[in-house]
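Given next are two forms of a protein chain, the same chain in both, each as structure tokens and marked structure 1 or structure 2.
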Structure 1
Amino acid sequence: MPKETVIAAAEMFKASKFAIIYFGMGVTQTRARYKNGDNVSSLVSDLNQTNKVVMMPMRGHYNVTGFGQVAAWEAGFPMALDFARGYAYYNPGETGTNDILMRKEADAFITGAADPGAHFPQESVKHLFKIPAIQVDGYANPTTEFSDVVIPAAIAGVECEGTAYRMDCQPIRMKKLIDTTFKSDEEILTDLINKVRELKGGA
């Protein structure tokens, strides 16, 4: 990046009263991963000495922000959660879904309202073909093609009520518009949890 571009950006920030740095997968999924985020965060911290500046992720899919919000207030971290120790452990680059798939550590996979078949790296998807995969989704997509079990779910805001989060983390409560025979993803996952507990003897 030319020096002039960096200087121009710095001058723009200095002249602003309120600025937002939007960042996407170029920051989070390239070399250094979360360290890139640390650098952006440090820049925001420095800029806040004189201005009001925040950073906000650019979310690519519907209600991705919702997962991050719920994970954060339930477990203390917005993503890459590992509960193998009996508590929430967070270390992007080690505990993220792609990290685990790339190391071929996962022996089963369940996905809900997402499409790893279309968006995960090729090596991750290759491993998904080799292990049992379950999909819970209101729509068929590339992940459907290799999933061993596909459970159709009601679409929140259309076939069932629910809450979605805007990209700026504001929750929006949605009503049901039409009836369906499908269960909501919440009901499906609750049923699965109860069945697993039953099979494990109520553990």
Structure 2
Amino acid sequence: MPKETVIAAAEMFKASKFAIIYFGMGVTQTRARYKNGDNVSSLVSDLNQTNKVVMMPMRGHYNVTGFGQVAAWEAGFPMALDFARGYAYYNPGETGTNDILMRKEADAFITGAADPGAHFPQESVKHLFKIPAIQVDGYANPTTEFSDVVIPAAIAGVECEGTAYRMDCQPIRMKKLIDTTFKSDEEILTDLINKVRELKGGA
């Protein structure tokens, strides 16, 4: 990056009353990954010595922020949860969905409100074609192609109620506008766990 660009950016920050750096996957998913984010946050911290500056992640995929919120309060961590020990174990790089798929460790797969078929790395998707996969979604998408079972779900905010968190973590009530014969994600997952308990005889 040319020196002039850096200086121009610095001048912009200095002239601002309140600045926000929105960062996305270009920062988090390129080489050095979380270290890039660390650099941005160090910059933001230093800039606040003179000006008000904050940073906010540009989250995608509808309610991904809500998943992180719920996972954090229910289990302690926002993602990459491994419950094999009976409590959540968290080690991104080891327990992330793609870490497990790349190691070909998963022997079954369930997904909801996401489209790994379109967004996961090819190596992960190749493995997903080989193992039984269940999709819970309102729409067909590339994930449908490798899914062995597709359970159509009601659309939150149209056909059923619910909560979604914006990328700034603001929760919004999703309202029901029309009736549907499809079940909500919550009902589908509750039915599934009840059936598993019945089959396995668990609590």
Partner chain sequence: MAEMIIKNGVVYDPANGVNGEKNEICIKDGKIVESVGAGARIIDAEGCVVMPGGVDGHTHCAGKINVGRVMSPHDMRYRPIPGLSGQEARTKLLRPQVGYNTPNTHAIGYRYSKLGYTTIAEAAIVPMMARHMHEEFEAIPILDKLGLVLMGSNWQVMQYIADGDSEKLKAYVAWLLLAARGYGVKVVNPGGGSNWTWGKNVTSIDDKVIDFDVTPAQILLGLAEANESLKLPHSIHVHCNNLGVPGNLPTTLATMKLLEKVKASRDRQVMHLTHLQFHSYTGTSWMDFTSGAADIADYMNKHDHLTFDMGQVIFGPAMTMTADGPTEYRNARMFDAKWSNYDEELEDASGVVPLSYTPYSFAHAVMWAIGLELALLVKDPWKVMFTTDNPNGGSFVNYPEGQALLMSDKKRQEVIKGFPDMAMDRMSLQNIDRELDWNEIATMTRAMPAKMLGLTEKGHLGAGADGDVAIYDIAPEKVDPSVEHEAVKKALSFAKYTIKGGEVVVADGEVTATPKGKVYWVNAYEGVLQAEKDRLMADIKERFAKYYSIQLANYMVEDAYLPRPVEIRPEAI
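Because the structure is a prediction, the values reported are computed rather than measured. Between two forms, the rigid core is the largest collection of C-alphas that superpose within 1.5 Å. Numbering runs along the sequence of structure 1, starting at 1.
In this comparison, the chain shown as structure 2 is the form predicted in complex with the partner chain. A rigid-body turn of 10° separates the smaller part from the larger between structures 1 and 2. Superposed on the core, the two forms differ at residue 22, whose C-alpha moves 3.1 Å between structures 1 and 2. When the core is overlaid, the C-alpha of residue 39 ends up 5.0 Å from its other position between structures 1 and 2.
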